[in-house]
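Consider the single chain below, provided in structure tokens and representing the form predicted alone.
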């Protein structure tokens, strides 16, 4: 199923100069970037984004960390994009993430783990709407889209 998901390259990814490397991994996998921007997130939007964690011991440090520098926000599109992105990103704790994943290769932290990825389709929809206006989401044909029709792509991806 064709899906959209949100990723946030966290302040540590930006400060370490890993934005290009991380985005490249998503593109090489075949995910299409349909929106992307850099922003400095304020407390108000971070509290909305992490509302389900309010009251938890790590909430304040998480909001503080995410507001400590610029982030890169992007909407990715592709077949089973949510699960694919989460697999590429790896386990939340970088020390436990598998080698070959983004966090497994570049993170040693639970919180400073380089990238946020939407947990499921409901979360992805809410997060995309929080950070992007509808007119910021672009539609274009990738090389794969140009070679195959949408029906052909769905049939090819149904044999998993």
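Just so you know, these numbers come straight off a predicted model, no measurement behind them. Numbering follows the first chain given and starts at 1.
One more form of this protein exists, namely the form predicted together with ligand CMP; it is left out here, but the text below deals with it.
- Query: Tell me which of 24 to 32, 102 to 110, 131 to 139, 39 to 47 has residues with heavy atoms within 4.5 angstroms of ligand CMP in the model of the complex?
  - Reply: The contacting stretch here is 102 to 110.
- Message: Checking a candidate spot here: are 53, 92 and 116 all in contact with ligand CMP in the model of the complex (at least one heavy atom each within 4.5 Å)?
- Response: Yes, the whole trio is in contact, each within 4.5 Å by some heavy atom.
- Task: Look up in the model of the complex whether residue 62 has a non-hydrogen atom within 4.5 angstroms of ligand CMP, and give yes or no.
- Result: Contact check for residue 62: yes, within 4.5 Å of ligand CMP in the model of the complex.
- Item | Heavy atom within 4.5 Å of ligand CMP in the model of the complex - qualifying residues of 1 to 27 | The stretch touches the partner through 10 alone.
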